[in-house]
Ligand SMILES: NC(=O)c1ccc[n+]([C@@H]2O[C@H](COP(=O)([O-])OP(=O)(O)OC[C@H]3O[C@@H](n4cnc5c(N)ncnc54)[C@H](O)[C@@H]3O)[C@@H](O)[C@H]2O)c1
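What follows is a single chain, given as structure tokens, in the form predicted on its own.
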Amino acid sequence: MSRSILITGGAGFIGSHLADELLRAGYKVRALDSLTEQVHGTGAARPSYLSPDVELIVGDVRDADAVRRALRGIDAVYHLAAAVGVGQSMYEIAHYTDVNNRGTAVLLEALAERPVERLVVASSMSIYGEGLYRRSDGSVQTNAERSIEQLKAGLWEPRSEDGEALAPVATPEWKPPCLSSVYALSKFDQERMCLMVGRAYEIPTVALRFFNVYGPRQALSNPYTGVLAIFAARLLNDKPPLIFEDGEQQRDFVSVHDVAHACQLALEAGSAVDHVFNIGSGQHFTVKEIAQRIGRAVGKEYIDVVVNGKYRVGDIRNCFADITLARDLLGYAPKVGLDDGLRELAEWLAEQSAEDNVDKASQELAERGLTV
């Protein structure tokens, strides 16, 4: 008999792709999703992209009754439900804490009453803050936060305590957290709560720290979603991608297909239990380069990017993934290169329309003093 899997947030971008992956592998899939307006639009109904083979329960992860109902007959749980957005989390503090922290607590209380065979929680690269850096003598620096004074002066690159230039290197899981936004704090809380309660109630638990996930089905009208979707929404409306700082900040962009596969591996690999894994591509690109490449992919390379030279509170300079541990213990190997991923994204975008809310979001941040 096939195992039954619950995905919280299962009607969303990553959750729906994960559902497809699990269905192909022969699992039964149920999704619990509130169909929040910021992601799914007003008057949201079941998304057309969600497989008809997925049982959808419309409900909030903070609703204990809905969670218990969703858990009936379930063998394993993916906890993906979360409010997502670094900038927005800095002013919708109560909302982010309520959805992410309390929502996870409600789920864990239900799982304590009815343990499952495995729990996989979606964490985030944001908990690292700045990634790992190397000094000229070869030693590493794990804390490279930039001061407000430095940022106001437009000195974007982190430096050591004695003013030495630092070189960014791939960030491994052992790097200590440096929580620079309410969103990052809430994701760290989700991760640690799940691992802690999992140990206490003998629920085998795995945490996956996603880097910058992109691909079809991303919420294009959500100005706090992934940067590639934000750039795409601008370009679809014939507006230039808006980039903070100087555009040379480096990130790891990973296809949603690779992320979905990593999630399946985390369900099945015995060696994964009680571990935290980076899930990225293992490559890195500057944000400016990514904006230019998505412009070319959608045939709008004539629209130049706008680099505003401002800093957004909660942002970091460089962070990209060391995926060695995921390779070794999960057997994870990213298969979708950036060019192929952008080509697929462009084909999907050709059929989409998007309301561009970036200017409104930028104004909101500026009015609250969250851009420098």
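Note that the structure is a prediction, hence the values are computed from the model and not measured. Note that residue numbering follows the sequence shown and begins at 1.
What comes next is about the form predicted in complex with the ligand, which does not appear here.
*Decide if the three candidate residues I14, L35 and V61 all line the ligand in the predicted bound form, where lining means a heavy atom within 4.5 Å.*
Looking in the predicted bound form, the three residues I14, L35 and V61 all sit within 4.5 Å of the ligand (heavy atoms).
*asked:* Looking at heavy atoms inside 4.5 Å, which stretch does the ligand contact in the predicted bound form, given the options 73 to 81, 132 to 140, 191 to 199, 235 to 243?
replied: Selected range: 73 to 81.
*Classify H40 as contacting or not contacting the ligand in the predicted bound form by the rule of any non-hydrogen atom within 4.5 angstroms, answering yes or no.*
Contact with the ligand, yes.
*asked:* Check S124 for me: does it contact the ligand in the predicted bound form (non-hydrogen atoms, 4.5 angstroms)?
replied: S124 belongs to the contact set for the ligand.
*Look up in the predicted bound form whether V213 has a non-hydrogen atom within 4.5 angstroms of the ligand, and give yes or no.*
Contact check for V213: yes, within 4.5 Å of the ligand in the predicted bound form.
_Is V99 near the ligand? Define near as a heavy atom within 4.5 Å, in the predicted bound form._
Within the cut-off, so yes.
*Of the options F277, F231, Y183, Y128, which one has a non-hydrogen atom that comes within 4.5 Å of the ligand in the predicted bound form?*
The residue from F277, F231, Y183, Y128 that makes the contact is Y183.
*Check each of Q218, S89, S255, T171 and return the one that places a heavy atom within 4.5 angstroms of the ligand in the predicted bound form.*
Selected residue: Q218.
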